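Below you'll find only one chain, the form predicted on its own, shown as structure tokens.
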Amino acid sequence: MKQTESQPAQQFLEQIKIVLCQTSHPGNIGAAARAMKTMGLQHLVLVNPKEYPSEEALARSSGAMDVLENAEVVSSLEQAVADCRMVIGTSSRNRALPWPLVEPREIKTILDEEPTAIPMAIVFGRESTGLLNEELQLCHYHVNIPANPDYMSLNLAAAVQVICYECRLLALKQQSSLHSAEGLDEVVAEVSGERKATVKQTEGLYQHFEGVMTETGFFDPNEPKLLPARLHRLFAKAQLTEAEVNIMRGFLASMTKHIKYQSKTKNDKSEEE
């Protein structure tokens, strides 16, 4: 008899996006779709793929045609993860600015601590160069697959398979937890104001923050240095909630209003003199 996915596990897996950035070989897209379907994941997002749709992608999917047919194609990573409350980017390289780094099995710990941190996206970069620093700055965590240090050349689809396997193990453990069909709804209802902010909300805060810093002369957009990256890392570490983002933006709006008031008062006094 054919087994069917339990509803709690299916509901959880539906909240996970697999995002592939600028995939150069269409066969890797098909192989990634196959890796996803074997683990019960369905939500594939493609950021500027070099070639898609593709017959080779269909051939390599080995029956996971539904994953490919329902795949979203977007023009930027920001668009791909805008509605997500948790974004984890795959990274195998040391970066100039350290970021919270986890192994695949630590994703469970993250979600145990932040049960409303979904929808979640796991982002994979280009086959040759991985994710750009600017793209990794959109991520709350970086995940590293602890491969053989003497030969770390992991194929894209193989990396997707490893991560999807861990997601499946996690989903199966959710069946009797708060991530069940009723439990998850109860958690979200109880802490609706304390849900993790989405990427779109956090990026809106960052843009607002940058605007005020520029207006006050603290930040020079022509010489940004590492300030934007450090701020993104700060927000990632803070794991801001929707309420906290609203508080910060309200404060920034108040600062802008005060700056304009002070400027107007100064101009009025100058005119009187």
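Don't overthink the numbering: it's just position in the shown sequence, from 1. Computed from a predicted model, the values in this text were never measured in an experiment.
Beyond the structure shown, there is the form predicted in complex with a small molecule, which is absent from this document and is the topic of what follows.
A residue is said to contact a partner when one of its heavy atoms sits within 4.5 Å of a partner heavy atom; Val87 fails this definition for the small molecule in the predicted bound form, lying far away. Interface membership of Leu111, defined by any non-hydrogen atom within 4.5 Å of the small molecule in the predicted bound form, is ruled out.
Contact between Val143 and the small molecule in the predicted bound form is found at the 4.5 Å heavy atom cutoff. Of the heavy atoms in Ser153, some are within 4.5 Å of the small molecule in the predicted bound form. Put simply, of Gln161, Ser92, Thr116, Asn133 only one has a heavy atom within 4.5 Å of the small molecule in the predicted bound form, and it is Ser92. Stretch 118-126 is the contacting one of 118-126, 76-84, 199-207, 165-173, since its residues have non-hydrogen atoms within 4.5 Å of the small molecule in the predicted bound form.
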